[in-house]
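Listed next as structure tokens: two forms of one protein chain, kept apart as structure 1 and structure 2.
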Structure 1
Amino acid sequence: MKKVLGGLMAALLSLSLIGCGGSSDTPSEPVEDDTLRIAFISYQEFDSSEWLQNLAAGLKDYEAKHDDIEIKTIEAIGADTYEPKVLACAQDGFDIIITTYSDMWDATCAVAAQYPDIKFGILQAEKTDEDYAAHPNIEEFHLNRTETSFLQGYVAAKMTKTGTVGFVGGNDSQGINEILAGYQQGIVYAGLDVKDLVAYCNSFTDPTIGKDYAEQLIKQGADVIFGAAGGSGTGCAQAAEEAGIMFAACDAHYPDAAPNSEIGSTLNFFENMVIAFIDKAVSGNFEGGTQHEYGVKEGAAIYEFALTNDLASEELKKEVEDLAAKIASGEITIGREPLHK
């Protein structure tokens, strides 16, 4: 038994010595063929949020239209898989690697430093200009979600009859709070002294609880509910529909859950932004080391009224169009911090 133990120890030690090896592998030679390989690595499951689902679908459409481009969508769940997956993509010879959120920034930087010939893109990284400048082969792009939710807030304030509107967010984090910030500022801009209630339901996958939270806001007088909580948001839509009040949707329309109560949706086309980045990189206009903001002006985000009903008046639709133009032209600036919680 002792011999076996000793042998195992030796095997383990030698394995760990290989594991300790600090030097990186030699990067694999880029395969000289015409297909451009792009990897898109998401920090959470694609089916957890509408915007990610739309993004994946948009990328698939793009791939179908271009014969010489291959796009691989990968999920990296758990912070300890970020760097391994980015590195694996780099070693497998992808030409462009796109990562998501500030969580993956460290992993992207580490791999980008080892592979200066690969173009990296990162979505919503929230770093400073100096940070980006230090990495010449990473280009950042982010979508300003405050713009469309500003329009949503304006619409909600104009449509409410009780003077109170509500917001149900998935969790108290910056991504959701940006949406809240735009919403609240839009309400203020309408100038009608409307009160807004804020709740976070701590889950993106529980429609039952989303429904409970929305019903609570309705009890407190809200007659417009803005549901920014993924799957739980569908529960909010149901609550609004059942109570006969109005629902403000985020990232998608809800024709099945709220056909009569949805006023409109903040459609943020993350896929447009990513595709714009890909087009730039493919055509030789890759701008590593910089960050770009996309919003209403670039057509990456629009506010679209519901297609299943006629809740909003033509007048309101015209006002929103004008507002969107003002945002696009820079006449209105919207802060990123919520006014209150």
Structure 2
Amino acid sequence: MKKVLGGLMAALLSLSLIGCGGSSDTPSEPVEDDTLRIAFISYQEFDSSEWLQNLAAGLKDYEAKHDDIEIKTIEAIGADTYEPKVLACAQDGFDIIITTYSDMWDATCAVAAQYPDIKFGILQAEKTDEDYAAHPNIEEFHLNRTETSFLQGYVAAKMTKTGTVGFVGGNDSQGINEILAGYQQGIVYAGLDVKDLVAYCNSFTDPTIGKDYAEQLIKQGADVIFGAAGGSGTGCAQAAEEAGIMFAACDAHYPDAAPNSEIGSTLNFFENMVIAFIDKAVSGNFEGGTQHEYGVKEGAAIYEFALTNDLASEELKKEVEDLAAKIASGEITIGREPLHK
């Protein structure tokens, strides 16, 4: 399993400034044992978001439970570092290299072509089946964001009093539009006459912009705002709280920004998904050249009602629980294209 580098290469790598280590960013020394070595490379700083912090903690716990597995978490900040970081890990003899998002797709493909015996995974690449098929040692994996947003849409439709709900997306992209698609189908599934408004704030980091867009939808009659806009979503939560309407959260709860207005959140457990991929690869079930999805059934995504209030009725909570079971069993299927933008 191990590919031990020669002495000269090890010496050169140890001097590299763009290595594959942890916080020091220097290469690990080659290990002459049966330890399976896994690298996870993030194109964002781990401290920049809660999901990455949870992911890093989950991988650390996983490593602690497996004496024969070593996991390095690495930051590659800036496009010019992507390929050098991935290449350094390949040269350093890692068995499995996991990269993140479409930003790192080209770098992953370039290095994977040079190292066909290394298993590569990439999280949320947002490419086509043809793209994946062209790379037999890369498996893409991603969250199913339509399932929990379907439940969010159902809840919004059931709880609106004005008959109008709103959606603020971070941008007009495939990932955000899949969330929108599930949300809209959940609204329709509720079987009520509900109008849904859509806006894109074109930012994932600016609460002020998110708040502005949410306020525009509130002025049009929306009394539920679903904010799928990362850090900009905090502004959506603030707008809902100040207006005394309801806020539908994405990826996290908002106990500080919307303690009285949040109805529930579409929570994603990236750590569960990445660990599921690792388990699959380690057990010999790696599927290069394909993509794999993780959602409600795998425990990678759930819908959870707000923790700081009790806006939803017990009856509605039971309905959502039953719908989640139907989604997990395949009884309910959800399309990926928005009904409208």
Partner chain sequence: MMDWISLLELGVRHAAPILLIAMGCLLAQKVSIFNLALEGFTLFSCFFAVVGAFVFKNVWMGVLCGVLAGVLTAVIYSVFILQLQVNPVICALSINTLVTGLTRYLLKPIFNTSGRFVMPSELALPTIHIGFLDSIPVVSVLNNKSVLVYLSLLLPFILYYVLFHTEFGLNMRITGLNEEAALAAGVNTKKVKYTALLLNGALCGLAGAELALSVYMFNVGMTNGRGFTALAAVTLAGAHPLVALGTCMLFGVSESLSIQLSTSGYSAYLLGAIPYAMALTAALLPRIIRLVSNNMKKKSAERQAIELHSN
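Residue numbering: structure 1 sequence, from 1. What we label the rigid core is the largest C-alpha set whose atoms superpose within 1.5 Å from one form to the other. Worth saying up front: this structure is predicted, and the values here are computed from it rather than measured.
Engineer: Does structure 1 or structure 2 depict the form predicted together with the partner chain?
Structural biologist: Structure 1, which is the form predicted together with the partner chain, differs in this respect from structure 2.
Engineer: After fitting the rigid core, is the C-alpha of His135 off by 2 Å or more between the two structures?
Structural biologist: Passes the 2 Å threshold, so yes.
Engineer: Answer yes if the CA of Asp212 moves 2 Å or more between the two structures after aligning the rigid core, and no otherwise.
Structural biologist: For Asp212, whose C-alpha is compared between the two structures after core superposition, the shift is less than 2 Å.
Engineer: Rounded to the nearest whole degree, how much does the smaller rigid part turn between the two structures?
Structural biologist: Domain rotation angle between the two structures: 17 degrees.
Engineer: Once you lay the two forms on top of each other by their rigid core, how far has the C-alpha of Tyr101 moved between the two structures, in Å?
Structural biologist: In the core superposition between the two structures, the C-alpha of Tyr101 moves 2.5 Å.
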